[in-house]
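Only one chain is included here, represented as structure tokens and corresponding to the form predicted on its own.
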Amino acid sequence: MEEELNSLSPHEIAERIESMEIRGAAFIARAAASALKNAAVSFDDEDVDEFKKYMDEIKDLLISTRPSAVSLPNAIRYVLSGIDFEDVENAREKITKRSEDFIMNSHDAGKKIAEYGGKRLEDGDVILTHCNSSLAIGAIRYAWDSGKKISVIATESRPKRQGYITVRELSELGIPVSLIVDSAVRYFMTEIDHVYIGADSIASNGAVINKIGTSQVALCAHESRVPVTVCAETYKFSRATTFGDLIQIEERDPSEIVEPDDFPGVTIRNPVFDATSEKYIDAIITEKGVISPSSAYMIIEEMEE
């Protein structure tokens, strides 16, 4: 699907991000980088001011699609950083190069995280995962390919049921996997050795913004003394939170849950994410290594250097 991005306009990519056809923080970030490259390449004018104006419009459009996914503005910031916009052709070449670099670095980060996360799993472990995290799946796959006989319990992850994607991917790899409804997490937690999840954003204090229900998974794991591991690239760490800004929790159309007309007079809420306190997280695996949640601020500081 990522190869298809090269043939899409920036507006088409933005629409797919907003509709969640493009989902997952890493994929969203790479899609945003691709959209900026496509915008720069397709711009058919040599007017520098118009080019800068157009790129700003595309930037704002992309950022508006998924306000909770910090990876998206961080990807845009990386691609557009240092672009002087004094010459259209020169700016176009730099945007293209920085976009391609970001995408390559993102894939490389995923491979490192899979290795670090896979090494932490032991033969016979049962892993619980929530939603559909390519990084968590990558770590599980690394452990499996290393000869470790592991198994997975995956949540359904309502309302979009991304857990269906997770169980299909794991099953195709031959990894034993069970699918459960979200509300059954506590019931099965006594069977779990590790919780592996992804993240859409990580705050400077180490709190994790992820798929709705993650905080309940972490709370149940904490109660049962099951370690919770978050797999996340460093571009998912939120610089803005160091200055007191809060990560916005996105709410989507209630029709994703039920048909509102069937429940007249009823308010239907559909938050996409929730915040998991750093005290319920044992480790965050990044491409730079395994860190404690309390080290999130240092990661953000390094990103600014």
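One rule holds for the numbers: they count along the sequence shown, beginning at 1. Model, not experiment: these values are computed from the prediction.
If you look for the form predicted in complex with a small molecule, you will not find it shown, but the lines that follow are about it.
When you look in the model of the complex, the only residue of Leu128, Ala143, Ala199, Val228 with a non-hydrogen atom within 4.5 Å of the small molecule is Ala199.
The small molecule in the model of the complex comes within 4.5 Å of no heavy atom belonging to Pro293.
The closest heavy atom approach of Val217 to the small molecule in the model of the complex falls outside 4.5 Å. Within 4.5 Å of any heavy atom of the small molecule in the model of the complex lies no heavy atom of Phe237. In the model of the complex, the small molecule lies within 4.5 Å of some heavy atom of Leu135. The stretch from 25 to 33, 45 to 53, 263 to 271, 276 to 284 that comes within 4.5 Å of the small molecule in the model of the complex, counting heavy atoms only, is 25 to 33.
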